[in-house]
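Have a look below at one chain only, the form predicted on its own, in structure tokens format.
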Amino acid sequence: MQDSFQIKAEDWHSFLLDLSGDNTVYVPVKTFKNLDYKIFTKEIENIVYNVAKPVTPLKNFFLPVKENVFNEKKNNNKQIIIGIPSCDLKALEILDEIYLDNRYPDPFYKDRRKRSVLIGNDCFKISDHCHCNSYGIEPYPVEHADASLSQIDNTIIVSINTEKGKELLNQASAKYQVQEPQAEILKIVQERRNEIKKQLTVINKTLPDYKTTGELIKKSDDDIWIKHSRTCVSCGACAVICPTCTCFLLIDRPDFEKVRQVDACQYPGFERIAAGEDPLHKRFVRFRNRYLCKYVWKPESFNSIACTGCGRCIESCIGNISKNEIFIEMNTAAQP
């Protein structure tokens, strides 16, 4: 299914206000230097489309940082999430493989996925650490979105990909003036997409691809990991903010509470076992373990990639560690 329409920006936001009556609508909002999702209301300002990328990864809408998985109250409202970058949409592949596995489906994840409408977002502006195209991902929605959005001046172009997206189109066209996208506007969208792809290619020209990175990690020795982990403080920010990392703890509490809480492989004690043994006791070993998981072990177990090039881990690291610099260094050293 592929259809599209254009609508004036003010009509689009009036439409979102209509939707917010029976649904929870999230939009990307710029606050100071940060872009993040906020619930849409009549008073909300500084909505920004086509900029990479919200601080909060998409996974948080389906896998909260903390939740009671024993007696969580059922929520039947739809959540409409607008402005999702392509890197986060791609991350859904491995999340779905894990949490929608037919043998052990996660009912909470499944329910949230079912009642969510995902509207992707072209990236016409990128951040310094974006590298989606290095891993074969386009900087605009190609799959996994019910619809995708681009804004050119005061015009919103929405492409429809699924029945959920078509339902939105029908609701919008019933009250607001929508029309076929004009050829000149579509041309501008394509030109901007091409320009962003060129920028990404130039910025990341020395960064190895996903498969090569895995091979480099497997062949690496301890020295490079010791060197680059020196400023790591084991805060776990890189794992928590990653759109594909989903390790968690199950905590039993009184009154039949069972809490699922986000965990991170960078925390000391993450892999501690009986008698206090801990194969990840050394910081550099924990540090390396995360990349072995993302680039080596996950590809061996799943059909989806475990890093989508969003760059959030680099931006959130208080130790100023860049995984891209590590991989470029490895790749350079491996050249004859």
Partner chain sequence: MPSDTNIYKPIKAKVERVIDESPLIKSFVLVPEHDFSFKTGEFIELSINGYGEAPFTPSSSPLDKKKIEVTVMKAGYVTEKIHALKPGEVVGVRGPFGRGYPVDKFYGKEVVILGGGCGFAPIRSLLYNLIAEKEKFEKVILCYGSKTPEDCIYKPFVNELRKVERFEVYRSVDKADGSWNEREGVVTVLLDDINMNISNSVAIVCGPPVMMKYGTLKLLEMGYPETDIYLSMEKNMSCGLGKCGHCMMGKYYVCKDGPVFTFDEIKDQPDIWL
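Numbering follows the first chain given and starts at 1. Bear in mind that the values here come from a model prediction, so they are computed numbers and not experimental data.
There is another form of the same protein, the form predicted together with its partner chain; it is not shown, and what comes next is about it.
A.B. asks: Spot the stretch among 188-196, 260-268, 224-232, 204-212 with residues whose non-hydrogen atoms come within 4.5 Å of its partner chain in the predicted complex.
C.D. replies: Going by heavy atoms within 4.5 Å, the stretch is 260-268.
A.B. asks: I'd like to know if residue 128 sits close to its partner chain in the predicted complex, meaning any non-hydrogen atom pair within 4.5 angstroms.
C.D. replies: Residue 128: no contact with its partner chain in the predicted complex.
A.B. asks: At 4.5 Å between heavy atoms, is residue 305 in contact with its partner chain in the predicted complex?
C.D. replies: Residue 305 lies outside the contact set for its partner chain.
A.B. asks: Does residue 272 make contact with its partner chain in the predicted complex, using a 4.5 Å heavy atom cut-off?
C.D. replies: Close contact exists here: in the predicted complex, residue 272 approaches its partner chain to within 4.5 Å, heavy atoms only.
A.B. asks: Can you tell me if residue 252 lies within 4.5 angstroms of its partner chain in the predicted complex, counting non-hydrogen atoms only?
C.D. replies: Contact check for residue 252: yes, within 4.5 Å of its partner chain in the predicted complex.
A.B. asks: In the predicted complex, do 99, 248 and 277 all reach within 4.5 Å of its partner chain through at least one heavy atom apiece?
C.D. replies: Each of the three qualifies.
A.B. asks: Taking 4.5 Å between heavy atoms as the contact cutoff, choose which of 31, 60, 301, 41 touches its partner chain in the predicted complex.
C.D. replies: Comparing distances to its partner chain in the predicted complex, the residue within 4.5 Å is 301.
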